[in-house]
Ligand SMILES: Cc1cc2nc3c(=O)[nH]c(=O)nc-3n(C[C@H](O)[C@H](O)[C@H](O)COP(=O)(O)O)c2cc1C
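Only one chain is shown below, in C-alpha cells, and it's the form predicted alone.
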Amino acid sequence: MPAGKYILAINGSPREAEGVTDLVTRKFLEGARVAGAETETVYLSGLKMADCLGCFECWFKTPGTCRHKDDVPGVQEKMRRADVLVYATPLYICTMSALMKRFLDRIIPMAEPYQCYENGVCSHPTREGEHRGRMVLISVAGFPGLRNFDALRFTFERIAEVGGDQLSGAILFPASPLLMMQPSPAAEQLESVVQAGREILDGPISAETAAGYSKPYAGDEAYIAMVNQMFERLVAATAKSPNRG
C-alpha cells in the first residue's frame, strides 16, 4: 500500500453514525486504515448545504466558485485531496438519498462548461487539479436481493464515466436490518468489506472479495416474514400509544 494515501467517505444517510450505511462504511475504512491509509467521513446531514440553483455562475461569472457560501466548498477541498472517494447512501425509492443528490448537484463547479466526446461518452472536462481517481459506492436497502440496487449502481457508473473517474467497487447490502442483529448473519460478508478496504488503493476491489461481500445471508421469503412481523408489532405499539397523533 503506498504511503500517505487518503480516503474520503461522503455519507448521505440522515441517520449519520447511527445508521446501517455507516456500519458498512466503517468496516471498509477499517480495512483501509489497516493497510496504512488516512480516512475521513463527512456526514452530509450535518452540513449547511443549499440546493443548486442551475444559475451557472460557477462556470461563467466566478469560474470554479459557487455563489452559495455554505459548507460544500470545504468538502470539495477534501475531494481534491482524496485518492479514493467513497459515496455511501441508503437506497431511497430505488436510488440515492436526497442528501446525496443535493450534494452531487453542487459539484458542478469542479467541471468546465465545455463538452467533450470520447469513446461514445459525452462529458465535461474537469478543472485542473480536480479529482480523477477511484470511486467506491456503498449502499444498504431494506428490501432483500441485489436487484434493488440496479438503478443506483448504473447512476454511479455514469457519474464515474462522465467525471473521468473509475468506479472501483459497489458494496451493496440488501436486507439491511439484519446487519444490526447480534450475532450478525452477515459477519462473513462484513469481513469481506474490510478486505475491500485493504485492497482499494492498490487497484479495483478483487472479484473474489466482491463475491465475498455479495454472498446472500438471508432467504428472501424468511426475511420478508420476519420484517412484516416486526412491522406488525410496531404498528400495534403505535396504535396503543397515548401520544399517537
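The first residue of the shown sequence is 1; numbering continues from there. Remember, predicted model here, so these are calculated numbers, not experimental data.
Only in words, not in the display: the form predicted in complex with the named molecule, which the text now covers.
Should residue 20 be classed as touching the named molecule in the predicted complex when contacts are defined as heavy atoms within 4.5 Å? Flag for residue 20 set to yes.
Though only this chain appears here, would residue 107 touch the named molecule in the predicted complex if you measure heavy atom gaps against 4.5 Å? It does not: once the named molecule is placed as it appears in the predicted complex, residue 107 has no heavy atom within 4.5 Å of it.
Is residue 141 a contact residue for the named molecule in the predicted complex, using a 4.5 Å heavy atom cut-off? Within the cut-off, so yes.
Do residue 172 and the named molecule share at least one heavy atom pair within 4.5 Å in the predicted complex? Residue 172: no, not in contact with the named molecule in the predicted complex.
Report the stretch among 92 to 100, 150 to 158, 73 to 81, 115 to 123 that approaches the named molecule in the predicted complex to within 4.5 Å, counting heavy atoms only. Only one stretch passes the 4.5 Å heavy-atom test: 92 to 100.
Need the contact residues for 159 to 184: heavy atom within 4.5 Å of the named molecule in the predicted complex, sequence order, or none if there are none. The stretch touches the partner through 176 alone.
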